[in-house]
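Below you'll find only one chain, the form predicted alone, shown as structure tokens.
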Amino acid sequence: MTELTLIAAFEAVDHGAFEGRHLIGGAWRGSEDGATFDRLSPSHGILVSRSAQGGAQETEAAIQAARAAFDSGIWSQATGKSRAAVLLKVAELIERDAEKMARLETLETGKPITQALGEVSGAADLWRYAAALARTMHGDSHNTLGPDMLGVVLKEPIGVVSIITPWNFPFWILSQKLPFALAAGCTCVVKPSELTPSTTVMLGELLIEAGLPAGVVNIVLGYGKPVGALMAEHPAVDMITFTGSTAVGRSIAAAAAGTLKKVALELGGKNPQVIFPDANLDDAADAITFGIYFNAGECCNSGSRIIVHEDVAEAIVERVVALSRKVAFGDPLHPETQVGAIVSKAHQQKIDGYVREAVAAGAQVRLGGAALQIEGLPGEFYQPTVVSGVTPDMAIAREEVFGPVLSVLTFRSLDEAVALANDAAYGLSAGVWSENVHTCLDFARRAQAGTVWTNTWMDGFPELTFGGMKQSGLGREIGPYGLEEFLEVKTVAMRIGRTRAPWVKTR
């Protein structure tokens, strides 16, 4: 414990509870039955927010508001220029209020304030990129069908979209979905996680300020049942996009199947980084350390397992352990903190269970492996943890731990490394470390993952599409393909002049 870098509580938190309400048809409202739910900070233990708890009535009203707004054409038939203008204004307002929003997100999630600020302010770039797509999206024409035919392929907004977002990156992930749906011309119903509802409500205020027409975006606060379930199964909804666990993703897909609506899912990951002997070990160790502790490992892109050539395995582990001791864990409101609190006590216990089970199966804890006490804070924290001697059959090597726990496996050949990397139900992301470009390209082409990083980890840009293979999900987000998810394709075949020979012979 004393060999770790810890940051104690450094300020008394004076925070009045944020009051969250539903946004339905352009108006803020509480629940008809007056129900509310509270969110306590996982780091400081204080009441952060009190939100209206929606039910079937509020969800139905929000869906009908989105349906009416879409069918009216007030947004779905607006010009790309006018849509882009609103999205650009939202980006400006996000940057204006970034510090206020980041502080609230830090208290609700437990993540470091510097990270929250980076995510909130950085999300403005997603809104700007989506605004550019709103003005540049187009269909196709086919002028090679003969002198009497012209074919046109139109791209139209899919309709009403249900958006369900998770607790680990509540504002960032919403910004990977909502501006692209709006750029396409869709109307939306949004349900944030009940653990982190408040920045979504704050965004709703900014949408109104930016001039978004009433009913285009509606927000319902509450739980998966009944709110999320109704959003998935309702016949007036044309598409649902969800980010969260694979288990919940399956239930979303099942609920949507009754109406055959489109489903986009960004789910779990068990993401490998493969380190070859010729890699720059210092660079690799630093990126591995970042990849496992970023957001306390509560990240679908967490680099939670490394697959290291046996010739350099011990050298990598020693480097990662040494760096892990220097990573600052503690009060997420301190500007030097790099890793904050675990989102809940139940999740903390789940993380610890994976470590204990691995040890019982023969793995070795090289660092950490237990809860962490931070001076002056009552919240949930977990030590930076490195587990070696992991075998592919262990749960810690196959299942999503979603915490600051690194699993170390070894390999001897490229073929074995690829096999180990692909030996998972997930296929979200993967990484490869080698100074040999041929090794990197060979691995990248054979890895079953939606994103492959070479000699880096978790670099992302609005232009580069994100999404997974296998049980990591369906569909893609951000980039041009992220816009395509919210569009329907329509073919228009046009005959020029009266050139069609009659099918029915009148003589």
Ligand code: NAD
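Position 1 is the first residue in the sequence shown; the rest follow in order. Fair warning: this is a prediction, and the values are worked out from it, not measured in the lab.
What comes next is about the form predicted together with the named molecule, which does not appear here.
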Of the candidate stretches 316-324, 105-113, 334-342, 225-233, the one with residues having heavy atoms within 4.5 Å of the named molecule in the predicted bound form is 225-233
Answer key, the named molecule contact in the predicted bound form at 4.5 Å (heavy atoms) among L420, M101, M239, V248: the residue is V248
Interface check vs the named molecule in the predicted bound form: of N218, S407, S198, T243, the one with a heavy atom inside 4.5 Å is T243
- Message: Can you work out whether P192 and the named molecule are in contact in the predicted bound form, taking contact to mean some heavy atom pair no more than 4.5 Å apart?
- Response: yes
Looking in the predicted bound form, any heavy atom of G427 within 4.5 Å of the named molecule?
-> no
Since only the chain is shown here, I'm wondering whether F466 would be in contact with the named molecule in the predicted bound form (any heavy atom pair within 4.5 Å). yes
T289, heavy atom within 4.5 angstroms of the named molecule in the predicted bound form: no
Residues in 137-166 that come within 4.5 Å of the named molecule in the predicted bound form by at least one heavy atom, in order, are I164, T165, P166
